[in-house]
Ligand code: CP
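Quick heads-up: it's one chain on its own, the form predicted on its own, in structure tokens.
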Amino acid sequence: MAERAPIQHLVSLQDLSDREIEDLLDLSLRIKKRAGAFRLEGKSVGLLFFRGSLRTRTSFEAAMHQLGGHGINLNASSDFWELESSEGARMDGKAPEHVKDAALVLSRYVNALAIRPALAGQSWATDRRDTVIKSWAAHARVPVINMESALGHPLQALADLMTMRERLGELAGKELAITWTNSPTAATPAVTNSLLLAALRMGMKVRVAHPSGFDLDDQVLSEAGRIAEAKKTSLATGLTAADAVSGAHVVYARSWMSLEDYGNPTLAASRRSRATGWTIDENLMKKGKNAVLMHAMPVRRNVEVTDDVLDGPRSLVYDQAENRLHSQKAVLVTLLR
């Protein structure tokens, strides 16, 4: 019997070569311009959300519909139950079903599975392993797409690269400032991690600004350093917002939680309360090189970014959100055709 061909998943952009990322970006732009016929009639994707979503869910369902396929949305809080992901687990606890069984069954119903896993939220060392999304990928017999795990958000990073390429053209040598912003609902650094690594792979110069105690994951930074060296570009972290934005073409605002306080909301809130003055306003944007603003949304107006910047000519946030639709179509066409 012939060996089964390996299934191509999208758990992390690190799963893809530079050429594959470039091809996805080219395809995303072609799809947006409606150049060529891209159809997925008869195809279906199961969308499993263990956490809330607005843009990701809507853009995925719209993408499949517009391509002639069908998205089947499943919300863990109402449509099914907790799943066990540990290998060899004795399942006498809360979860009545293992990811292995769910993945194998769903693989017989749909052509791909897109997963947004829940976070345990107790230990960064545990959550950063992305055990759940990796378990789905290990057991599914169809492509698995990561719709944001603890460590990464490859779909957002693809849309971000697409948006920057639309505005700036060739990205190599362009300067990106990733600037921490304060928010009472800070997210994991997943978006920041994926963007950081992806931008460096495109040859961009990246500067990261954040207050003390909000350093990014050590292993992600180590990988970022290796990429920067290989691409002969630059990376600086732990800067002030002013230093990061100075001369930047793109200012990317994002709030992420302190990994030092991960799992301890009291300490996290106390640390955030001391991090004042981290709002993106026009005075900061003027330090850039005709800089544009990006933000993955949802965005807290006048806390993370002021209204005049969000609603002004510098803002790409709505183009960026729209590009989730086109770049996800490119992912679906690539994985399913």
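All residue numbers are counted from 1 along the displayed sequence. Being a predicted model, the structure only gives us computed values, none of them experimental.
This next part talks about the form predicted in complex with this ligand, which is not shown.
The chain is drawn here without this ligand; in the predicted bound form, the stretch among 305 to 313, 36 to 44, 280 to 288, 54 to 62 whose residues come within 4.5 Å of it by any heavy atom is 54 to 62.
Heavy atoms of no residue among S28, M162 and R201 are located within 4.5 Å of this ligand in the predicted bound form. In summary, among the residues R116, K174, R207, H210, the only one with a non-hydrogen atom within 4.5 Å of this ligand in the predicted bound form is R116. A single residue from the set L48, V292, L67, A296 has any heavy atom within 4.5 angstroms of this ligand in the predicted bound form; that residue is A296. Remark: R324 counts among the residues lining this ligand in the predicted bound form, judged by a heavy atom distance of 4.5 Å or less. Not displayed here, this ligand is kept clear of S149 by more than 4.5 Å at the level of heavy atoms in the predicted bound form.
With a 4.5 Å cutoff on heavy atoms, Q156 counts as touching this ligand in the predicted bound form.
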